[in-house]
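The same protein chain appears twice below, in two forms, each given on its own as structure tokens and labelled structure 1 and structure 2.
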Structure 1
Amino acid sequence: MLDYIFSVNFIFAVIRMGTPLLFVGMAAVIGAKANILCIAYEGMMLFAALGGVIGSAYSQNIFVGMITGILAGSIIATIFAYFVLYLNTKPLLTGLALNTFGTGGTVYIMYLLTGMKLDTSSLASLQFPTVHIPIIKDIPFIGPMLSGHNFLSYLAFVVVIAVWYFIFKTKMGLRIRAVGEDPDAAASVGINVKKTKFIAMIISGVIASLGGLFMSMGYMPYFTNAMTAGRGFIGIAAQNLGRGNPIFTMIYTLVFGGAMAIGNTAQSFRLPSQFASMTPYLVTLIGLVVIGSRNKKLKTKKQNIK
């Protein structure tokens, strides 16, 4: 196991496993900056994953599949934003409802189109290409580690930089942070709080949808029932551990990706398959304990200051 962890294959697997978590983590960062409690990323990813497969299968165009998937995931984000911001529903309950809808709704749509409830392998859907980086691919050790990944894996790291720039260097990013930190103060200077949060949620939905697209058009060549397997929640945990900072969140998503890679490899050592399924969530629980302990210390420190 140690030989594997210190190998090129492990780093390659970490990037691959961490790609959907990166997208969800960045989506959660934007939602958190707008002070929106959203747990509906699972639903967004599932609809995006199925939408991408359907769009690419019927059009035989990868770009059409990408747009279809993003639109499908963004619809879920729009529904969440409308219900929470304009109908004043509970964010937690709304998120749970949309995640449940994502799990059941995608299976129903898949059954209507293919007659199958397990996967869409009967559809001739497309996959995003593997990218071999010139020059880098020929460098020993580094080449096999960094080159040969799916297109969306490279896009995920570009999104990290884009989200950082958007939040801290743009006017809209400043507005999102303002309504998240103090909505009353933001409203007093003419910022439309609900509109700004709505926009933030839509952007968050678009980014989360890319994670769903990777699951069905990169990680696997088709859509399967509940294929996100809790990755939306793991992305939220990474955002919390990273305190809403895109760079720190990226680091934690890769840590969780490493846990997934170790879990999958553990099966080759004749460990139960349940161990592979358990590993990333065990690491998530440990992370949540760290968050709780850290928040408790900060709260105690503030009370002592007072």
Structure 2
Amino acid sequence: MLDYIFSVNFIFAVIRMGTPLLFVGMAAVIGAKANILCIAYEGMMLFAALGGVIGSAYSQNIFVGMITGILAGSIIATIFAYFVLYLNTKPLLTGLALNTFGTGGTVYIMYLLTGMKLDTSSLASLQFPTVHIPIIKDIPFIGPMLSGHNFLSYLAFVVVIAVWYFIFKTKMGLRIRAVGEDPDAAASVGINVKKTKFIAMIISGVIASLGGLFMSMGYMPYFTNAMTAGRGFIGIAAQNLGRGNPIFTMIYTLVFGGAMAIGNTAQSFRLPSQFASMTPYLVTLIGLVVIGSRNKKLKTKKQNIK
């Protein structure tokens, strides 16, 4: 097993498994900065995954697919934002309802269009291309690790940097942080709190949608029933562990990606597949406890100083 962890294939698998988590993680970072408790990422991803498949299948154009996917995911984000911000709905319940809607609704739409309930393999949908980076791809060892990934995998890392820049270096990012930290103070200097949160939620939805697109147009060549399998939640957990910092969140998503990659190959080490499937969730739980106890120690230290 250690052989595998130190192999080229493993690093490649970490990036592949980590891609959807990276997107959701970044979406969750923006949500958290605006202090919105959003768990609707599963629903957004599912809708985006299906939207992308449908758009690309009917237009035979990958860009159209990307846009329809992002639109589909953003619709869920918009509904979430509208209900939470303007109708005072509890965010948790809204998220829960939209996730239920995501699982049921996508199957319904899939059935409507293809007559199938399990997957859209009968639709001729497109996939995002794999990118072979010139020069790097020829370097031994590093080449096969970093080159030959799906276009969206590279985009995921660009999004990490973009999110970091957006949050910490732009006016809108500052507003989002202000609204998240103290809405009253933000309102007192003339920031429209609801509007800012709404915008944050939409951006968050667009990023989460990219994660959904990767699932059905990269990771798999078609959409399958409930294919996100809790990834939306793992992204939230990574954000939690990284305490809202994009770079730390990225590191944790890659840790979870690694856990998933090990899980996928566990059977070849004669471990039962259920342990494999359990790994990322167990790692998350342990991670939450470790980070939590560290934070608590810091807190008590601070109190002692006072």
Partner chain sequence: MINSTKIKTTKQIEGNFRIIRTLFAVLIALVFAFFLIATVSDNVLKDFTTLLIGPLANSSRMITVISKMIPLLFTGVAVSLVYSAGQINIAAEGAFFAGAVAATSVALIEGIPAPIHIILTILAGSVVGAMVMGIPAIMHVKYDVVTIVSSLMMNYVALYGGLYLILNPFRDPLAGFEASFPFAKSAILPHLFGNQRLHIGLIIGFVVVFLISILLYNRPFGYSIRTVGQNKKFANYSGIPVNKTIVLTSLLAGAIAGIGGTVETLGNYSRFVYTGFTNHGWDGIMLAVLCRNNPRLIPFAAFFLAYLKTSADSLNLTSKIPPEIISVIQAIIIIFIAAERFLAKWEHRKIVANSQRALAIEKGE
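No experiment lies behind these values; they were computed from the predicted model shown. Here the rigid core means the biggest group of C-alpha atoms that line up within 1.5 Å when the two forms are laid on top of each other. Residue 1 is the first residue of structure 1, and the numbers go on in sequence order from there.
Only structure 1 comes from the form predicted on its own. Relative to the superposed core, A13 shifts its CA atom by less than 2 Å between structures 1 and 2. In this core superposition, N295 moves its Cα by 4.2 Å between structures 1 and 2.
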